[in-house]
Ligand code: NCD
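In structure tokens, one chain follows: the form predicted alone.
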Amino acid sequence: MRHLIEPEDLTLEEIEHLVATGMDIFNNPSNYSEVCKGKILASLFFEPSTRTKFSFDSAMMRLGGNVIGFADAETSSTKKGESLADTIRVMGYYSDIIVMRHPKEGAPKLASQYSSIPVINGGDGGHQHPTQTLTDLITIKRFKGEIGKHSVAFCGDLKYGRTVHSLIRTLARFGTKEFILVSPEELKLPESLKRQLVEKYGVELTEVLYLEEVIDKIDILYMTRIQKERFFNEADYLKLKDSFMLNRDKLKEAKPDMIIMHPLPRVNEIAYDVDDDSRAVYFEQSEMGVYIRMALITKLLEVGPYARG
């Protein structure tokens, strides 16, 4: 039995195979419409979500399976004081696979230690978001042809953004050597992560305050929102929330084949006049999340292309 708690739980070969499977599902969805018939996904979201929850629900249904669960911890027995361990143990009797989002870092890892069925981390605090990373990788594969070796810029909240933390490490594993970090001083990438990237993977990090300084050097621009829920006080959030906004004017010097990504939801960091730019792929990115999650479910349940012979 396998769990997915962080991207490092998968080898590069496994990630590449998942991406290839996701692309095959994207191109041939009818071939996978019943591979999870009779299987049940438990969707346990202790923290609000739209894309992650519904993309997993959609993925399981498109595979022919069913979904149970909750989207608000207030409606679960944790409201009565039930421990996470007990919740997970019980879900093992009701379902075949669990996807869980939790505000506390490390909660999915703890859940996996008590689970009799595969557990997928749907996001834990500001820590990890491995299936968003898989979504990002299949999007890069679709629009750039290969995953590694691009000049990648991350813009916005690099301190609390779990999507950034997961993706930048994984891209470094795939051989990406040049990262551009665009953020205010208060939201810079954590020093510990920067040290790991440089010492373990030998990457080059360029830190700037303004996107305009580097826009012409970027192959992949990954925008992120300033996350209100990660701040301890509203004053700090209000001071920074409008710091970084991408509009059509800022794209004048950008490469014609650059792609613009965003894990969504956006607030005001990407202007609506960017949406019809051919380089904007963030809605397609959200779409690809369904197909890569379909691939992941088949892998962890060992069905379809991952069925044991």
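On a predicted model such as this, the values are computed, not experimentally measured, just so you know. The first residue of the sequence shown is number 1, and the count goes up from there.
The form predicted in complex with the named molecule is left out here; the points below concern that form.
| Candidate spot R2, R89 and S112, all three touching the named molecule in the predicted bound form (heavy atom, 4.5 Å) | The answer is no; none of R2, R89 and S112 reaches the named molecule.
| field | Contact segment among 180 to 188, 157 to 165, 90 to 98, 193 to 201, judged by heavy atoms lying within 4.5 Å of the named molecule in the predicted bound form | value | Looking at the other structure, the answer is 157 to 165.
| task | Note which of K250, R51, R279, K255 lies within 4.5 Å of the named molecule in the predicted bound form, where distance is taken over heavy atoms; exactly one does. | result | Looking at K250, R51, R279, K255 one by one, just R51 meets the 4.5 Å heavy-atom criterion.
| Ok, T176, N121, T139, Q132: which has a heavy atom sitting within 4.5 Å of the named molecule in the predicted bound form? | It is Q132 that has a heavy atom within 4.5 Å of the partner.
| Do P265 and the named molecule come within 4.5 Å of each other in the predicted bound form, heavy atoms counted? | So P265 counts as contacting the named molecule.
| Is R225 close enough to touch the named molecule in the predicted bound form, meaning at least one heavy atom pair within 4.5 Å? | Flag for R225 set to yes.
| query | Taking heavy atoms and a 4.5 Å limit, what residues of 24 to 41 are near the named molecule in the predicted bound form? | reply | Stretch hits: zero.
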